[in-house]
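One protein chain, two forms: both are listed below as structure tokens, the first as structure 1 and the second as structure 2.
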Structure 1
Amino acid sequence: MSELTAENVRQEVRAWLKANWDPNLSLVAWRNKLVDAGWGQPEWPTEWYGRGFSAELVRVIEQEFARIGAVSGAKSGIRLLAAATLLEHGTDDHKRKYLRRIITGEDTWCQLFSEPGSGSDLAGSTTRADLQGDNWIINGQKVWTTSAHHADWGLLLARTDWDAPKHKGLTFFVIDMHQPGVVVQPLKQMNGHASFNQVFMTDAVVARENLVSKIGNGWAVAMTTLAHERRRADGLRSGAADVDRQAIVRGSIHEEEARENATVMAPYTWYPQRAGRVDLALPQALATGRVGDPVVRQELAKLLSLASAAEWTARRARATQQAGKAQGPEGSLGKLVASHVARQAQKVHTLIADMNSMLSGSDGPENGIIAEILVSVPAVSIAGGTDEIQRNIIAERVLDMPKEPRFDEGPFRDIPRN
């Protein structure tokens, strides 16, 4: 085998694609080829369908796929979080059973962590799992579950020990979503979208072998999942590939992939509006003539300044990291600053639209997009960790200020809860 340089890898994958890529294969057939060749998730270990590649080498492969428009392994959605969790904590049986179908896209997954009573306090989960014979019997309710309505499997955090301290009584399972004890209901948000689900589990069954953590060690496993989720959120902005437009031949597989993407992306259509659509502010101000209003000018300038400073702060953090230096506090602020940006954007859009901000749908400005901003922005400071939790984290972890006094130690059974 030749040396593992970027150039060697590039030559190898290019040659392999030349020999194998066929846009008229079915999605699953093609991806099974990828799995067998180790190109499906090349960062995974060699013993599990991968090649143990570094992020840099993975980028080379992504570039080569993109260059000719070849379809890659299924990457989107919760499935990769499931895979990462199983790779780290699952048994060999789990890996054999689930990983290949994750790459091929045959299975979709969801994450059953949050509950109505445990929002910011994820470890306060009260969904219970009781061992009866060879099965765990699950009872409880989960919420904010993206993609649960089409998921085949769920990553489940449930309480198995009510006498242990809060973080010590949780266990981590894989649950089959296709069973009568599991009922999924869409959860409608104030902006009219229903991106999430509620999942009701009533005597749902998890086979003994679908235990992922040791009993009582579920919190550590859930932390793995969440760490991967954060890492994904941070890494979403990677460099665009150098596309060879002439090399791209489109086939039926692309339609299949587009359908898959549409399903995965459906819950997220309003996310740009949630972030405030800074991009629309200046064009709207210019198009409506409202840019002439001194108050609009001030607030618009504040918005653009805030958004730029936020982006530059993120880029400073990355540049420092790339230079191999310890990251400063600037790396932990992105989530919190996004709330400021979105709220200021909401203000600016309201000022620009004036009375038109009362209108939505086709009657509203930008065919209802402005209205959707106004009723979506409140989510940005809540979803994925409220601003309050972010401030706690920044104060305690970045600024090393003292932790809050704890009132949730001792047996979980005795801790006040909702």
Structure 2
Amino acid sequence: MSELTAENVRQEVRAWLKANWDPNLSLVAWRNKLVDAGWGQPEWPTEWYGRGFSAELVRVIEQEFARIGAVSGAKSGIRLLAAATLLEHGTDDHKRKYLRRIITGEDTWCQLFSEPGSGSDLAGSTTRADLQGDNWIINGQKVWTTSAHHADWGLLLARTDWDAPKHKGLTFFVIDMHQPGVVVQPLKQMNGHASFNQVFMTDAVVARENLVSKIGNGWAVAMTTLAHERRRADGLRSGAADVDRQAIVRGSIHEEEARENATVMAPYTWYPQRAGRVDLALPQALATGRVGDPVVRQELAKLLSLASAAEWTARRARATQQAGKAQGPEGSLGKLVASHVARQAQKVHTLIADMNSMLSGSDGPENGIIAEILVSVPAVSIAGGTDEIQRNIIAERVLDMPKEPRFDEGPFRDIPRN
């Protein structure tokens, strides 16, 4: 057997693509070929549709796909968080049932965690799961659920034991989002988008086999999902590919992929704006002449310094991941610094555009993008764990400071709730 090097992998995937890539296959047919060959998610274990490759080798594969314009396995939306969670905690039956259809894009997913009364306090979930015969009966409400309006399956955290402490009484499930008893209502945001939903579950049914891990171990499973979510949040992508323009042939599969992306990625179109759009700050300052203002120049320098520091923190986290080591403090540090970067970008955009920053649509700077930034940035301090939660994590787990006094210990049913 030849040594597993980047060059060997490059030659293997290049030969396989030459023999198999057909831009006029259907999207599902092509992705099934990827699954069978292990190229759809090559970092996954070999027994579960992957090749067990390192992140470095995965980048080589991505470059070869991009070089000729070949379509990859489905990666958008929550589906890869679902896959990572099931790979770590799911049964073999779960993996057989869900993983292939995640790669082929036939199933979409959502994450049913936050509730109206327990957003940052995830362990305060009050959605009930009661075992009746062979089924769990679910009653409760979730909120801020991205993509629930078109999801096939949901990752559900629900309370199964009201007499256990709050973190111990939770259990993790996979729930069918299309069943009776599950009602999804979009939530209109102040930036004009409707990415989030509230989900009402009334006597919804989860089969016993869709329990993930053990009863009462839901908190640990949810932490796996969130760890992967934060790990993906650094925004770094693989290096640019050496594109072979003569080899790129556009076909019907690209049109089908574009339609898929238009649906799956629609809820995320404003996410660059909530991050502050640092990339627009210097060009806008130069174009408007505001770069000559010493206050603007000072705040712009602060923004670019913060953004560079955040990028290097993210790269350090990625290097740790590539080395196969456990994630350090970079995840929470990166999440917190992203809020600081976004708010500083918001400040800089306002300084540059002045009153015009409030103009939306085609009348506003950058066709209204600046105004959208101003009303979108507050979300980055909330989504995926608030700034306050990240500060607690850093204080207690990184700096080893004393924990805050707790008033929510003992049986969950006795804890005061709003």
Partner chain sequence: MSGAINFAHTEEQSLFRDSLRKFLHAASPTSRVRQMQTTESGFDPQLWARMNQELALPGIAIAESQGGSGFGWVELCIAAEETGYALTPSPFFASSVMAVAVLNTIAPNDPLLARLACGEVRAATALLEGPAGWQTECFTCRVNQHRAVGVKQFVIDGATADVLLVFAADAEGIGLYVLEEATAVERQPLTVIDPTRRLARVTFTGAPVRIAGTVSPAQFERIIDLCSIALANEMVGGISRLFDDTLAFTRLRVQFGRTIASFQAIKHRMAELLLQVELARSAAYYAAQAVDAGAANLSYVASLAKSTVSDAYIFTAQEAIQLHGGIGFTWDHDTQLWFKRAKSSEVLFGTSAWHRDRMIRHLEENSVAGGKRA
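From a predicted model like this one, the values you see are computed outputs, not experimental measurements. One-based numbering along structure 1's sequence throughout. Just so we're on the same page, rigid core means the largest C-alpha set that superposes within 1.5 Å between forms.
Handout entry: Identity of the form predicted in complex with the partner chain, given as 1 or 2
Key = Answer to the question: structure 1 is the form predicted in complex with the partner chain, whereas structure 2 comes from elsewhere.
Exercise for the section: Determine, after fitting the two forms on their core, whether Glu56 shows a C-alpha shift of 2 Å or more between structure 1 and structure 2. Expected result: For Glu56, whose C-alpha is compared between structure 1 and structure 2 after core superposition, the shift is less than 2 Å.
Handout entry: After fitting the core, Gln41 CA displacement of 2 Å or more between structure 1 and structure 2
Key = No, because once the rigid core is superposed, the C-alpha of Gln41 moves less than 2 Å between structure 1 and structure 2.
Problem - Rigid-core frame, C-alpha of Leu351, shift of 2 angstroms or more between structure 1 and structure 2 - result: True for Leu351: a C-alpha shift of 2 Å or more.
Problem - Core superposition result - C-alpha of Ile370, shift between structure 1 and structure 2, Å - result: Value for Ile370 between structure 1 and structure 2: 3.6 Å of C-alpha shift.
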